[in-house]
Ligand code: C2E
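In the block that follows, a single chain appears as C-alpha cells, in the form predicted on its own.
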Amino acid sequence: MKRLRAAIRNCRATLRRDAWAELLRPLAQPVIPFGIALIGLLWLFTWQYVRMERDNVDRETEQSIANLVVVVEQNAVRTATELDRILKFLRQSHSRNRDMEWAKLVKEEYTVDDEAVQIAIIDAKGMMITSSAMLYPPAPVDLSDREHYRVHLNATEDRLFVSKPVMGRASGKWSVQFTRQFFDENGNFAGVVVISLDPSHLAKTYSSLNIGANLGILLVGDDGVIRAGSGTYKNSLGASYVNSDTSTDVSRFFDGTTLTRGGTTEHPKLVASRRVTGYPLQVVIDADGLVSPNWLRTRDLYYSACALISGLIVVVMLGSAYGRQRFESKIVHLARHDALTGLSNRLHFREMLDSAYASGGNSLKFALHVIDLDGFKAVNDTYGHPTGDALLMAVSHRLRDNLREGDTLTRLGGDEFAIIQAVSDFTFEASALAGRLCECMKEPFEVDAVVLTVGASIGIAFAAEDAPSTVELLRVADLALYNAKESGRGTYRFYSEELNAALVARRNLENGLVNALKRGELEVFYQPIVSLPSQKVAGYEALIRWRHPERGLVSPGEFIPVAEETGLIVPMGEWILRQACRDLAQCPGDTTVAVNISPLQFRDEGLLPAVRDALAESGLPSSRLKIEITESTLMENDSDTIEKLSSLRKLGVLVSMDDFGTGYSCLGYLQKYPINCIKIDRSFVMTIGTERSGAPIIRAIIALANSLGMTTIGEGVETPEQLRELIALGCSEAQGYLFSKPQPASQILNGYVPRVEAA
C-alpha cells in the first residue's frame, strides 16, 4: 500500500512538472526579454522626457527671471538718471548765478514719475541750510555724520552717490539719498546737493507684480546693502544681502545678467543679478523653491501613461509569446517560399545549392537552368501588375507540369525562375528539358479572358563541372542566359569557357578603352573626300583609331560599340572633334573635315559648347568643319533635333547625313532638317555594275539633293567603274579605297594627292 501511494505521488509530481514546463516554455521565447527591454527603454525614455520637460521649464523660468531683471534694471536706470539730472541741474544753476539763494532753487517742485522728491542742500561744514520741505529752517541741521556727506567731503572725483537707506531725523521716514557735491568759485568743496527718495518708489513698478510667495526683488548697492525690496525682501530695507544657498553649482549668463542655480530638484533656488548700467547698484531677483504646478501635473501624467503602456506591453508580450509557437512553422515556410507562386524563393534556393555543394563535392550531378521570360515587361506595362501576377502564376504551373519528380522549381524574383535538375547525362537530359520548356512556353496563356504570349530564354550550367561554388554557378548560368538572349531569345544555351573568355575580353576592352583616352593611345586617321568635277581633294573624314600597346591597331568595329554602351563615346567624340580641328587648321586652303557624332553625343548638352571650344582653340573657320550624323539621330526628337541642328548651322558649321538610304531613311528628312550634304551609303555604291536597281536609286537621291541645293558624297568607292558611274549620275563628291585608305594626319594632310582612276 505504501509503495502504491508513493507511485501515485510520483506520478502526480511528474504531471505537475510537465504541466508547468509546458506552461512556462513560451517564456523562453525571445519576445520576453525584448518586452522587458522595451519596458525598461520606455521608462528610461519617460524619465528622460520628464527631465527634458523639467529642463525646458527651468529654461523658461530662467528666461522669464532674466527678462524681469532687465525690466527692473531699466526702471532703476530711468529713475537714477532722472534724479542725477535734477542734481546736475541744481548744481549748474547755482554755479551760473552764485548770488541766488539755494532756497529759491529748491523751492520749485521736482518730480520723478509724477512723485515729488525732497531736495536738501548741505554746506561745506555738513549743515543743512535749506530743503524743499523747509526752505528756511530756524536753525541749521547738522548732517555731517551722514555717509553721503563724508563720502563727498573726501571724494577725489565727481560722481553720483547712492546712500544706504537712512531714517530721516525730521520726517522719521526711510529714504535713499542720491547726492552730488558742488563747488565754490575757486573749485573747492562747497557742499552736497541731496535728493531723498522714498525706497518704496524704487520698488513701486514691480511691487504690483504677482511674483509669488517665494520670490524677492532687490535693489542692492555695491556694498551689499539692500536699497529697496519687494516680495520676500519687502521688509529687508537696509539689511545686507547674502545668498543663503550653499549648494550653488551652475552659473549662466544672458547678455549681462548672471543666473545662479542651486538648491535641490524638488526645491530649486535661482538667483539672477544685473548691474544697473552707469550706477553703483545692481538688481537681484532671489527665487526659492520655484516649481511649476503645471509641470508637476504633466510629470504625474507622463508617469501614469508610462505605467499603463507598460501593463499593455506585458499583456501583448505574453500573448505574443504563447501565440508564437503556433506560427513558427508557418513563418519558416513563408521565409523560404515565394508569396505569389508558392515556389521556393531565392533564399531557399541558395540554401539548397549551398547544401548540395557542401555535401556533394566534385560528384555533384545536377544542372541549373536559369529562365527569363521574354516579353513579360510588355504585358506588365500594357495590362498592369495584377494581370502580370496572374501570368506568373500560370507560368509557374506550366513549368511545374513539365518537370520530373525530383526536379526543383524556384522563383528567383520578378520574371526570373530557376530549376535544379538531377541528371546523369548532362547534355542530353538538360537539352531535353530546356527544349521542352522553350516549346511549351511559346503556347499562348489565357489570363483574365486575355490571350497573352511570352517566351522563355534559358541559360544552363552544370554543377562541379562548370563551377566550384554556388556563387560561381549562378554567375556562369547568367552568362549562358545572356548568350541565349543575344541569340534571338526563345532558346537555350549552355555555359562554355568561350562565354567566360568573351566576358573577360569585354571587361578588358572596357578598362583598356578608359585608359586609352587617358594615356593618349587614340589617334585620328583621315580619309580624303574627292570633288568629282575637279578631281581634287575637297575634304577629309576624321576616323578614330586605337593603337593598343600590345595588340596594335584595334578595329573600330570592336571598340566603338563598347564606347557607345558605356558612354565613353561622349568624351571620346569631344577629343576627336578638338584633334581634327587642330590638325586641319594647319592645312592651307578651304578643305573641310567631317567628324562623326554618335546619337548619344548628339543628345548630350555639351555638344554645342564642345564645337565652339574646338573651333576657338584651333582657329579653324567654322565653314571648314562638317558634323556627320546618322539617320537614327534624326528620329530621336524632332523639336530638339531641329533646334540643335539649327544652332550648329548658326555657328557656320556644315551638317551632313551619313549612310543615307539605310535603316529608316526617308527623303522627307532632306526637307525637314537643315542639312548641307548627304552621303550615299556604300551598299548602294557597291550595286553599281552588279544590280540594275542601284543606279536609278542613286540618281533619284542625287536629283533630290541637287534640287534642294545639297551636295552628295558617294561612300565606299573601290573601283573605277563605280567612280565613272557616280560622275555620270552627277554625284558631287566621293570617298573610298580607290582614292586612299584612312591614314594618319602626318601622311595624308601634308599635300597628299590621291590617285584617281576614272578612265
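Just count from 1 along the sequence shown to find any residue number. No experiment lies behind these values; they were computed from the predicted model shown.
In what follows, reference is made to the form predicted together with this ligand, a form of this protein that is not presented.
Subject >> Single option in S622, N596, S310, S236 placed near this ligand in the predicted complex, where near means a heavy atom within 4.5 Å >> reply: None of the others qualify; the residue that does is N596.
Original post:
Considering this ligand in the predicted complex, which of I678, A542, A76, V271 comes within 4.5 Å of it through any heavy atom?
Top reply: It is A542 that has a heavy atom within 4.5 Å of the partner.
Subject >> Location of this ligand contact in the predicted complex, chosen stretch of 413-421, 452-460, 482-490, 568-576 [non-hydrogen atom, 4.5 Å] >> reply: Answer to the contact question: 568-576.
Original post:
Would G35 sit within 4.5 Å of this ligand in the predicted complex, counting heavy atoms only?
Top reply: No - in the predicted complex, heavy atoms of G35 and this ligand never come within 4.5 Å of each other.
**OP:** State yes or no: in the predicted complex, is some non-hydrogen atom of N345 no more than 4.5 angstroms from a non-hydrogen atom of this ligand?
**Re:** Residue-level check for N345: no, no contact with this ligand.
Original post:
Would K644 count as touching this ligand in the predicted complex under a 4.5 Å heavy atom rule?
Top reply: So K644 does not count as contacting this ligand.
**OP:** Give a yes or no for R299: in the predicted complex, does one of its heavy atoms lie within 4.5 Å of a heavy atom belonging to this ligand?
**Re:** No, R299 stays farther than 4.5 Å from this ligand in the predicted complex.
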